[in-house]
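For reference, the chain that follows is the form predicted alone, supplied as structure tokens.
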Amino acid sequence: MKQIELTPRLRTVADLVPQGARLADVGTDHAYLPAWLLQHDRIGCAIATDLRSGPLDRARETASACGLEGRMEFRLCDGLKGIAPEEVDTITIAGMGGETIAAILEGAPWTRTGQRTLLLQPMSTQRELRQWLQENGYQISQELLACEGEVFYNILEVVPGQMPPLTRAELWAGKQNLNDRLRGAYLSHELKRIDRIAAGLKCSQTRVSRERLERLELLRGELLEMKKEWERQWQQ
């Protein structure tokens, strides 16, 4: 039988799945994540969903190759629309844009009630996703980082509840644990990204550009403080 190997990004998501979880993997594609979890006896069963039939067919092929028929269900549906609240307690949504993830959760308000764990790995618009979570009854209990090549990925562990307002820098870069070894390199990466954006804005003389540049300078200062805090932790 085929043994699944996960990329660092998906392995970080997998590490956050509670033991014995009733899992729904939204946008499953090849279903590598639920297959790995089943092979390692982290979960007893899983529901793999996708909006398109092609990826769902690939998910079925993965389950068959791994000998997992009967332990994984497959549902063709938009987000969580094909799943009943009582069927799952853990939901993984990895590899989508942050605004798409927010739209999926908005269409399933039951995800912000009860004892639920949401593991979200946005590929873009992370700030918008964090803002939406903050305003809609979710709290980010922790964030982890994964790195593949030169690309950083944020993995958010989210549960129902209210959280204190996030700062400008926390909305942009998250609030990873100070013990996360990747945090320093990630913050350096984000600071360079802000510098590139600012350099472009300085070439413009419009009022909108000047106002955006002022906001970026404030953000840069907060991110620098974040990095200094991480450095102090690692110097101890």
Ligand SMILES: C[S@@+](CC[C@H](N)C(=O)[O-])C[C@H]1O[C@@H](n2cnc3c(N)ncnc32)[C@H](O)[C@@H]1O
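Residue numbers here begin at 1 and follow the sequence given. Every value quoted in this text rests on a predicted model; they were computed, and no experiment measured them.
Only in words, not in the display: the form predicted together with the ligand, which the text now covers.
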Among M96, L144, I140, C147, just one has a heavy atom within 4.5 Å of the ligand in the model of the complex, namely M96
Sole residue of T100, T125, T117, Q134 within 4.5 Å of the ligand in the model of the complex, by heavy atom: T100
Decide whether A198 counts as a contact residue for the ligand in the model of the complex under a heavy atom distance cut-off of 4.5 Å. no
Is D78 close to the ligand in the model of the complex, meaning a heavy atom pair under 4.5 Å apart or at it? yes
Does the 4.5 Å heavy atom contact test between L178 and the ligand in the model of the complex come out positive? no
Closest heavy atom of V88 to the ligand in the model of the complex, within 4.5 Å or not? no
Among the candidate stretches 202-210, 25-33, 181-189, 59-67, which one is within 4.5 Å of the ligand in the model of the complex when only heavy atoms are counted? 25-33
In the model of the complex, does every one of D50, P55 and I104 come within 4.5 Å of the ligand, counting any heavy atom? yes
